[in-house]
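As structure tokens, one chain now follows by itself in the form predicted alone.
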């Protein structure tokens, strides 16, 4: 656009906001994250196209529940229906184990190998390759604190120390009340919002050391009585 003085002026389009709505909004975290609109997901995974994408780091654990019976067997069958090669279903099958047990014990990996017609050593090799799978028991809440470059420059070490102090643990330990396990991890992919912390399936961004007590108190209140 040209001004009266003949100079060219750039026009910056105005951000219309979400769906054209602008202004200040008093929204809860549940509303922002959309969790207000998500119902309980069926244990059988629903449609085969999403059966392998269920959250697998949950606060609930069932150490004595059979792994692949009932709804969990139906979910595994849906996952297997998507692949010609059963080996391709290995990661979703390990997800199911992780969801039920909270980690991958050796006997559970052996059962996965038997179900998928794979060598137990192959299953262990995959499970030990990915850091998202845990091979030891954990607390109900797995607290992963990123200390990579962006978070490190913004106080991640202090955040990590505060989580350890508040939970009364060292890295990788289970707290006395069984609720917490704290780990130091590499980049969580939220470098614009340091310090990033992942707790089970939930992300917390821009965490400061002084935020830690309130986060733990809030999570503790979510544990079923």
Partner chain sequence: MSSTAAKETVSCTVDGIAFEVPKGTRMIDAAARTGVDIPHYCYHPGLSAPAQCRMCLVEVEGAPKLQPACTAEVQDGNVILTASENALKAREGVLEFLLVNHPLDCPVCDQSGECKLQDYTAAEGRPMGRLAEPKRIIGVDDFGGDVLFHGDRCVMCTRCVRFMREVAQDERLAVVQRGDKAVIDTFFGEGLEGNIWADNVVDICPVGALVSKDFLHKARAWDLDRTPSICPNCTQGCNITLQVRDNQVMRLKPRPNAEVNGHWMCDFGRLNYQWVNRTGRIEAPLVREDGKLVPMSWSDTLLRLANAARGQSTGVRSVVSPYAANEDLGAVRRLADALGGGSGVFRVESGEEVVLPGFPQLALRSDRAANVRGAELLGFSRAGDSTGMGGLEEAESFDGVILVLGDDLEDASADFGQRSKLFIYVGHVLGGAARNADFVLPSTTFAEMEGSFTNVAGRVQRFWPAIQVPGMSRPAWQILGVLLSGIIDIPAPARPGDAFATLGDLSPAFGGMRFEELGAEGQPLEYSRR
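Everything quoted here is computed from the prediction, not taken from an experiment. Positions refer to the first chain, counted from 1.
There is also a form predicted in complex with the partner chain; it is not shown, and the following applies to it.
When the partner chain is considered in the predicted bound form, residue 125 lines it closely, a heavy atom lying within 4.5 Å. For residue 138, no non-hydrogen atom is located within 4.5 Å of the partner chain in the predicted bound form, even though that partner is not displayed. Among residues of the shown chain, residue 76 is not one whose heavy atoms approach the partner chain to within 4.5 Å in the predicted bound form. The partner chain in the predicted bound form comes within 4.5 Å of a heavy atom belonging to residue 110. In the predicted bound form, the residues of 98 to 123 lying within 4.5 Å of the partner chain by at least one heavy atom are, in order, 106, 109, 110, 119, 120, 121, 122.
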